[in-house]
Structures are given as C-alpha cells and as structure tokens.
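Just one chain follows, in the form predicted alone, and it is written as structure tokens.
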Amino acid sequence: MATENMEAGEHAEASGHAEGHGGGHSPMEQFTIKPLIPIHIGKYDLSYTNSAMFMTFAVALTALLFGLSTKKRTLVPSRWQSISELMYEFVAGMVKDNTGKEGMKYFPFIFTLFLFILFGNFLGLLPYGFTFTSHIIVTATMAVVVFVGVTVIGFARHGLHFFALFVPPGAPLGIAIILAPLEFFSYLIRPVSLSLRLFANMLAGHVLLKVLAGFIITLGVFFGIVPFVAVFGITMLELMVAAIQAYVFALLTCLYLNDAIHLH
C-alpha cells in the first residue's frame, strides 16, 4: 500500500513538473477534447465537448450559408447565392460523373458529407479553433457509415451477385481464386484508408503549424521573421489541403458508391 502511494505521489509530482515546464505548449495540446457541459448518464459520459461544439458550428455555418443564399433567389445571383450554387454544381457534377444518373439519388448525403468536412477543416484553422477532423474517431465514424451504407446498397441492388465485385471480369479461374481474396481484403480496408487519410493530413498540418509558431515566440521579433513567413505559407497550404481533403473524401465515397451500383 505504501509503495502504491509513493508511486502515485511520484507520478503526480512528475505531472506537475511537466506542466510547469511548458507541458501546456505541446503541439498535441490543441487536439485535447475538453468537456464544456458535463453530462453523465450512469456509466456513460455524454458530455458536450469542444469537439461537439465545433461540429455544431460546422452544421450551423452550412445552414446559414444556404439560408442566406436562398432567402432572396434572383435571376442575377447574389454573392452568397453564387457561392452556394458553385458548391452545389461542383459536388453534383462529381457525383454524376463518377456514379452516373442512378447515383444522383444519393447526392444529398454526399453533399452534406462534403460540407461537414469542409467547414470542419476550415474552422480548425481559425485562432482558438478546434479541428474535429483531426480525431480518428470522427473520421472513422464517417468512413464506417459510408462503408456500411455502400455495402447495404450493393446487396439491396444485386443480392448475392454483389460478390461478383471481388472477381475481376475475364480473369481465368486460377487467377480469380488468387485475386478474389485480395479484392475482398482491399474492400474491407476501405474505411481504414478513408479515415486515416483525412485524419493524418489534418493532424500533421496542425502539428507543423504549432511547432513553427513556437519558434516565432522563442526567436523573438527579428529572428522570428523566417518561421513567421513559413507559418503564413503553410497556413495557405493548409487552406488548400482542407478543401482537397473534403473533396477526396467525397470523391472516394462516389467511387465506392459506383462499385455498389454498377459492380465495377
């Protein structure tokens, strides 16, 4: 018992020592999920966190954008109407080009997914912002929803013939026996690759920005000009990456949906 108390004391002392010597300036601190409104139901922690708050902001901004754009619909579009129409046509074109006319019935889901990720990525670049797409649990949840949804659509449309997706057309029987398990495995890891791609890009970019920002403070006004320029350049790059990652996630969803609809 005494040993356990001693170990607990040493752990607490080490934690306090770390906090007192810049532990709060860790590049990973920006990804900490903090409860804002504690909610506990039995053993379950359902607290409203900073992550949930920025998800709410993403949904609210999306609703605000399309609310402003549709408030006064005119033949000559307003600024907000032009922005929303460009987004709509961009995603609609992507869905139609990659899934055909049959895939357009799923356009609302893909459009919502694209906007949620896009606004989430952009909000994380704001001062004191929080990037909920930098958490694997968030990106994995979206990827699993896409994976399960696409699989259900595939079986609903084709029944057991959906398994033909894993057999390369025209392949000899001997080669098909080898390739079918590989195709099936690659299908199963789709949600892993889909979630990791978004998570890793958001995480790495924000860590790099935090590290370079720390150099600015450490080096001072004169010598900090170089990391400042680097931070500015990487911020512009991160804005582009934020948009590209939302596009890539939506595009891959379209490609997976195309497989489920057309089996190729």
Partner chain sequence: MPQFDPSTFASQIFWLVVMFAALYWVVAKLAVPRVGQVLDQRARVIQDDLDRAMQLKGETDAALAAYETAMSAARGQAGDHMRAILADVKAVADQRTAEISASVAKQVAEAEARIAKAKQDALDSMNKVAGESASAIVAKLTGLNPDSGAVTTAVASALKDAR
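Positions refer to the first chain, counted from 1. Since the model is a prediction, treat every value here as computed from it, not as a measurement.
The protein also exists as the form predicted in complex with its partner chain; that form is not presented, and the subsequent description refers to it.
Proximity to its partner chain in the predicted bound form, defined as a heavy atom within 4.5 Å, holds among F147, F166, F122, F109 only for F109.
The contact residue chosen from E102, E183, D97, E85 relative to its partner chain in the predicted bound form is E85, the criterion being a non-hydrogen atom within 4.5 angstroms.
The candidate spot formed by S193, L237 and A243 lies out of contact with its partner chain in the predicted bound form, as no residue has a heavy atom within 4.5 Å of it. Comparing 152-160, 76-84, 185-193, 167-175 against its partner chain in the predicted bound form, the single stretch with non-hydrogen atoms within 4.5 angstroms of it is 76-84. Contact check for A52: a heavy atom falls within 4.5 Å of its partner chain in the predicted bound form.
Within this chain, F228 is remote from the site of its partner chain in the predicted bound form, having no heavy atom within 4.5 Å. Proximity of N201 to its partner chain in the predicted bound form: non-hydrogen atoms within 4.5 Å are absent; the residue sits far from the partner. Proximity of L115 to its partner chain in the predicted bound form falls within the 4.5 Å heavy atom cutoff. Contact annotation for 36-50: residues with any non-hydrogen atom within 4.5 angstroms of its partner chain in the predicted bound form are I39, Y44, D45, L46, S47, Y48, T49, listed in sequence order.
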